[in-house]
Ligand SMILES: Cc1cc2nc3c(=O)[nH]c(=O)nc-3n(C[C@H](O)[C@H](O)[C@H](O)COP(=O)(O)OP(=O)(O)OC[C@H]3O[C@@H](n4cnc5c(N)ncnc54)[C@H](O)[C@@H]3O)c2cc1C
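Next up: just one chain, as structure tokens, the form predicted alone.
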Amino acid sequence: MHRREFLHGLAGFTAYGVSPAVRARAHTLKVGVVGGGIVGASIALHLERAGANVTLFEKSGPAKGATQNSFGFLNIFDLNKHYQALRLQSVLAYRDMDAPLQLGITWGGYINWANDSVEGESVRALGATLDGTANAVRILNAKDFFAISPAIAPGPIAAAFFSPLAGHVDPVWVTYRFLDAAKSYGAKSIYPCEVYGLDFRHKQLTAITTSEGKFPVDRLIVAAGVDTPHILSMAGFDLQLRHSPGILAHSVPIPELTKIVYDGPGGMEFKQMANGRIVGTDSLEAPDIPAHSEIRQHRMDFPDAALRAAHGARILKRISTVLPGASSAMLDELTLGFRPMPIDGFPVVGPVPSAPDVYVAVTHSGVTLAPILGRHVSQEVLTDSQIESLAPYRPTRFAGAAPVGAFGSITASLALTA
């Protein structure tokens, strides 16, 4: 895209008005953002657009962590109504940002179906989480299923629904669009750049020490995915994340078959990206087998290329049983990612109790939540306010006696990092 076209698109990015008072305060703040994934990029964009002096620090490169390994499914499904509402805010924010920032979102909707009565109950329960809302799902019979998605051979249908609100993205592309927009407003990005320490004076943050030198900051926002606990430990806060590996097979591009995201029988999940690649998995968790023992314990790559290739071939073969048009799709790569999964499954967003100038934003659903976290986090940091939508997700819940899952159960993950 030519720079003139991109700047013209930014002129249409009017969804988030910035008040003169907020802009005036923003000009006085040097804000560091640690993490160049989709969440950190969105936060940097919103802060810089409000007038803050933003520097983003990324250990390796933009979208090189969980973002590049994410499924990129935009959805609002969750059993917890508060969290469902936050996800809805973010999906609607994506709709506002899509055209101005040329994010290339595919708004194809989402189909979930099961072949047997046991999985059928789970499908119906998930669809029921939107009952009574403006975004209620459409229950599908075999005829309806074929009419909406003729590319799929679903087999016997015990339960199925369609959600038109959902979409999917290329998370790496979206991250770069956010970073390009932030840069056009004046933000700086430094990478590769590792954070070594935080400097405080009388509990007030003054600077961060990195592999590229020391940088003065007034506020620091940590959106570093699975590296977040390490950075927060420098601020005296202990945050635990659940170890959560996941794999995705990526095919070479093939002609377009569908724009829909699918959850199928037996843990199968897949989509076709705008570039023609089939992306998907056949299990939300790494199976407990000897070959996976180390991966299930700590972050590491596959022990050998043969295991990687075998996983990829198996996943694409399973997908082709219900998406016959993909039967000739060859494996391009298999990604192994590690989800930034808080212990109770919900986002952790807010000032760190031990160091209020340090703010954390870490969540499993980083792709879905990136726009709304960018909007809300920037407002809280620049106005010293508290947004009600973020109230249940404060890091203080881990510093006191609140038990895991204190504000409701969470549904099983729908995507590797959605």
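Please read these numbers as outputs of a predicted model, since none were measured by experiment. Just count from 1 along the sequence shown to find any residue number.
One more form of this protein, predicted together with the ligand, exists but is not displayed; see below.
Contact annotation for Tyr359: none of its heavy atoms lies within 4.5 Å of the ligand in the model of the complex. For the chain shown alone, Pro340 is a contact residue for the ligand in the model of the complex, at least one non-hydrogen atom being within 4.5 angstroms.
Though the partner is left out of this view, Tyr393 does not reach within 4.5 Å of the ligand in the model of the complex, counting heavy atoms only.
Although the partner is absent here, Ala223 sits close enough that one of its heavy atoms falls within 4.5 Å of the ligand in the model of the complex. Stretch 61-69 is the contacting one of 348-356, 47-55, 61-69, 381-389, since its residues have non-hydrogen atoms within 4.5 Å of the ligand in the model of the complex. The single contact residue among Glu121, Glu256, Asp199, Glu194, judged by any heavy atom lying within 4.5 Å of the ligand in the model of the complex, is Glu194. With the partner omitted here, the residue from Asp170, Asp227, Asp180, Asp282 that has a non-hydrogen atom within 4.5 angstroms of the ligand in the model of the complex is Asp227.
Proximity to the ligand in the model of the complex holds for all of Val34, Ile231 and His364, with the criterion being a heavy atom within 4.5 Å. Annotation for 38-56: interface residues with the ligand in the model of the complex are Ile38, Val39, Gly40 [heavy atom within 4.5 Å].
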